[in-house]
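One chain comes next, on its own, written out as C-alpha cells in the form predicted alone.
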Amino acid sequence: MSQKIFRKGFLALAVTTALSISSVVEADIVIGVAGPHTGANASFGEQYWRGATQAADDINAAGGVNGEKIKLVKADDACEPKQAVSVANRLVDQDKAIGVVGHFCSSSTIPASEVYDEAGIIAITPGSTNPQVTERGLSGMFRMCGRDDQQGIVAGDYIVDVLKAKKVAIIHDKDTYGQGLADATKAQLAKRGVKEVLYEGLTRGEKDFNALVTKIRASGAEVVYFGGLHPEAGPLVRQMREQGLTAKFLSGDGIVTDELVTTAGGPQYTKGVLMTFGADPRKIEDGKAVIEKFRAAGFEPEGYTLYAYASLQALAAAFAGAGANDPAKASEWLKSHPVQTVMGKKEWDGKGDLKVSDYVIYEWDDAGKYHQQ
C-alpha cells in the first residue's frame, strides 16, 4: 500500500472518529413543548413556550443535564386531538424527543400520551387537569397541576359556603376538560345539597350565546358556573351583562389569561368574574429571581408560565437523578423523589399526580387583572 493511500485512509478514519466524538459531546436532550401555539388558545401556548424556554436557558447555562444541553422543539396541537396525535408522532419519530412538556387541553393530552407511552417517553403536563390524564396506568405521564375532581370541590364549596347560592346554572363546552370540570363541580354541589337549575352545553368556537343567556335568565340562577376556556367564557359573560344578568360568574383554570378581557370586550365585563387556579406561583420566594428575568424582558409570567418552567425543571431533575437520559428510569426516579422548582418543592404519587394540590379562588378587577382572594 502506498504512503499516499495510507495517509488518505488515516485521515478518513481520523475525521470519522472526530465526528463521532463531536456528536457525543454535542448531543442534545430533546424535549418537546406541546400545546396550542396557534388558534384561539394560543395565549396558553405562549405561556408554555416562554416558561420552558427560560428554564432551558437557565439549566443549560448551569451546565445542562448529564453533560448535555436541553434542546426544545415546539409542537403545535391547536388544542385539537387529531393534531395532538400527529405532533406527538412527529416528536417521537422525527425529533427523537425523550421528554415532553405538554399538552394543554386534556382532550389533546390524553390521546397524545398514548403515543408517548408506546414510545417509552416521559411527559409532564403543566395544565391538563382531567382525572383521566393520570388514571390510565401510564408509567411516564405526570402533571404539574391539580385535577378537576380537586378543583371542582373548591368551586362547589365556594359557591355554597361563600356565595351562599341556592340556584346554580352549570354551563360547559362539551370538551373533555370543560365538561369534566363542570361535572366535578356539579358533583360537589350535589354533595352539599344543591341541585343545579340548568345544565347546558355550548360549542367551542361559537360567539353568539344570547339564546343560552335567555335560558340562564329564565332559570333564576344566582351563580353561573362555566367549564371551558376563555374564547367562549369572554363572550358569554359579556352577553350576560349586556342582558342585565348580575349573577356571579365562576369558572376554572381555563380562563387564566389576560385574553379573557379581550374576548369579553373589556374589563367592564370581566370585573367580578371568579375562577379557581393554583395559589399564585409569582408570590413564591423560590421563583423570585426567575420572575424578575421575565419582567425585565417585558413579559409577565402569568397563568401557566411558571408551571411550564417547573415542568422542565422536573424533567431535568429526573434525568439527572436517574444518571442517564433514560425516560423509564427518569419516571421511576420522579415518583420517589421530591424536586425543588420555581414553584417550590413538588412531589408525585404513583399515578404521576402531585401529592399536594393548592387550588384557591381568584377575582378579576376593574383594571382587567386577577388577584388571589
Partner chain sequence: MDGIILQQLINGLTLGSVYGLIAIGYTMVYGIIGMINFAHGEVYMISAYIAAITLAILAFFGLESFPLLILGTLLFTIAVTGVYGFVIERIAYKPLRNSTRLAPLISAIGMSLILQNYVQLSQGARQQGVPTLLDGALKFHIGEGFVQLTYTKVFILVAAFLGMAVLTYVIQRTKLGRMCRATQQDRKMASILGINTDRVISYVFVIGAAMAALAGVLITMNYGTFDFYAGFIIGIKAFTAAVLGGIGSLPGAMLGGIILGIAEAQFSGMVNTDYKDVFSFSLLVLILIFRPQGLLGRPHVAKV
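As the structure is a prediction and not an experimental result, all values here were calculated from the model. Numbering follows the first chain given and starts at 1.
There is another form of the same protein, the form predicted in complex with the partner chain; it is not shown, and what comes next is about it.
Contact with the partner chain in the predicted complex, judged by any heavy atom within 4.5 Å, is made by just one of Lys166, Arg204, Lys248, Lys74: Arg204. The listed set Arg282, Lys271, Arg90, Arg238 contains one residue whose heavy atoms approach the partner chain in the predicted complex to within 4.5 Å, identified as Arg238.
Looking at Glu259, you'd find a heavy atom of it within 4.5 angstroms of the partner chain in the predicted complex. Remark: Pro81 does not count among the residues lining the partner chain in the predicted complex, judged by a heavy atom distance of 4.5 Å or less. Leu212 belongs to the set of residues with a heavy atom inside 4.5 Å of the partner chain in the predicted complex.
Thr263 belongs to the set of residues with a heavy atom inside 4.5 Å of the partner chain in the predicted complex. Contact with the partner chain in the predicted complex, defined as a heavy atom within 4.5 Å, is made by all three of Ala40, Glu46 and Gln243. This chain is displayed without the partner chain, yet in the predicted complex the stretch 215-223 from 143-151, 188-196, 215-223, 126-134 comes within 4.5 Å of it by heavy atoms.
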